[in-house]
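We begin with a single chain expressed as structure tokens, specifically the form predicted alone.
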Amino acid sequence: MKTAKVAIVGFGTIGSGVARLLVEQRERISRRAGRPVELACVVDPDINRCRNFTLPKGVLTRDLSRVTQDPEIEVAVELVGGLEPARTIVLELLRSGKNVVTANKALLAEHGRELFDCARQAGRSIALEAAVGGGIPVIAAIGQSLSANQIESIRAILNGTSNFILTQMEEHDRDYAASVAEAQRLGYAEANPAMDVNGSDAAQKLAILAHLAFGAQVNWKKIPRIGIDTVDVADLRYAKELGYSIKLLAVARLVPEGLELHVSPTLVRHGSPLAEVRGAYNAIRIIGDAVGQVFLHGLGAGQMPTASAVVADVIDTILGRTAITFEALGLWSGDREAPVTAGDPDMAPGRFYLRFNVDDTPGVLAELAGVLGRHKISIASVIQHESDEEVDGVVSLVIMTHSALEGAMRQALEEIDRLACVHEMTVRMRVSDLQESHR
């Protein structure tokens, strides 16, 4: 029986985890792939760096041509990360006849159409389970297991770094800066965590899920997003008082106007599954018209959870399952008209949490309520604590609204933030009571 030879391009943390599975669990993987599987080559520019796994002699190289020019290598795993040289490498791998497995969500979100068109022209496939949710099999769930459904909504915690930081703030009453430092110390956050904390990472993953679930071809940079760097410990305290936790939620939801998309810190009601996701874990809540609610939960990053998803894609590619689903789904195809497009963000409805820093004087609440009322935003509840929290005559005032349109809320807050009685920018977060149900 012919051996299926596999190559890895990029031998960092995830690459070494994939190599460990392919080498140490070769018998198990070969059995599940239906024929012998061999790690034939690992390409990395630094062949001297110390890793936590030692490859068999002669496998590690700097030379990509050892992969592209070897006709016996069937599957190439791209784990370089980033946009370049990853884009150039994937194109070269496809054109040389390799099927590609990737965990690179930024590459897919930015260059998905180009890469998938190249794969189709070359008669090859691209597998991407590890690009969203790490070890959580959400790509297979939406693309295969839930294919009988019209997906109606996705609400997800897609960034473990942000969730870890928010958990630290909530459980230990740590401020944002100290929580980021703790995430960096434990290896959950990069030295520069901007892409994680500003919502960009989650937006890239949401763009991929929106394309897979709804056929929408969305530029991730156009997805409205607010990061957790706007969240203060005070907001977590108020949220707890109101019966909520704060999570960075990525939302894709079918509404009459099209597809509602956004990433933002969101108050999620205590007792709901998403509110209980702690630490560096990810979770995805999907509603389908036939299946109802499906909830997936697990580690969304890390060496071995991500390696688990990558190697599963390798097995599926060797078995031929990837080629079938790749052809059937037609992802990022310019030949297929998108069945749904992104709606106007200003028309997205929702409840909102608002925290104002205002003068502690009579009439302030009436002034704020007046502006909200002119924009057809009604107030559900108000919190203003005793004046011992007052600083220099300024006090925090929290308002929970009834459902309002995003555009109306934005315009109202622009007006409110110009009022003389308001100090600093208003903190605004969406509220998710998760009460929607499938049709």
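What you see is a predicted model; the values in this text were computed from it and never measured. All residue numbers refer to positions in the sequence shown, first residue = 1.
Keep in mind that the form predicted together with another copy of the chain is not shown, yet the notes after this line are about it.
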| message | Contact with another copy of the chain in the predicted bound form for Arg66, defined as at least one heavy atom pair within 4.5 Å: yes or no? | response | no
| said: With a cut-off of 4.5 Å between heavy atoms, is Phe116 one of the residues that contacts another copy of the chain in the predicted bound form? | reply: no
| query | Taking 4.5 angstroms as the cut-off for heavy atoms, does Ile315 touch another copy of the chain in the predicted bound form? | reply | yes
| request: May I ask you to state whether Glu276 is within 4.5 Å of another copy of the chain in the predicted bound form, using heavy atom distances? | output: yes
| remark: Note: exactly one of Ala86, Leu254, Ile73, Val294 sits with a heavy atom within 4.5 Å of another copy of the chain in the predicted bound form, namely Val294
| query | Of the residues Ala140, Leu259, Ala189, Val364, which one places a heavy atom within 4.5 Å of another copy of the chain in the predicted bound form? | reply | Ala140
| request: Given that the partner is absent here, state which listed stretch (74-82, 297-305, 221-229, 100-108) has heavy atoms within 4.5 Å of another copy of the chain in the predicted bound form. | output: 297-305
| said: Going through 308-331, which residues have a heavy atom within 4.5 Å of another copy of the chain in the predicted bound form? Please give them in sequence order. | reply: Ser308, Val311, Ala312, Ile315, Asp316, Leu319, Gly320, Arg321, Ile324, Thr325, Ala328
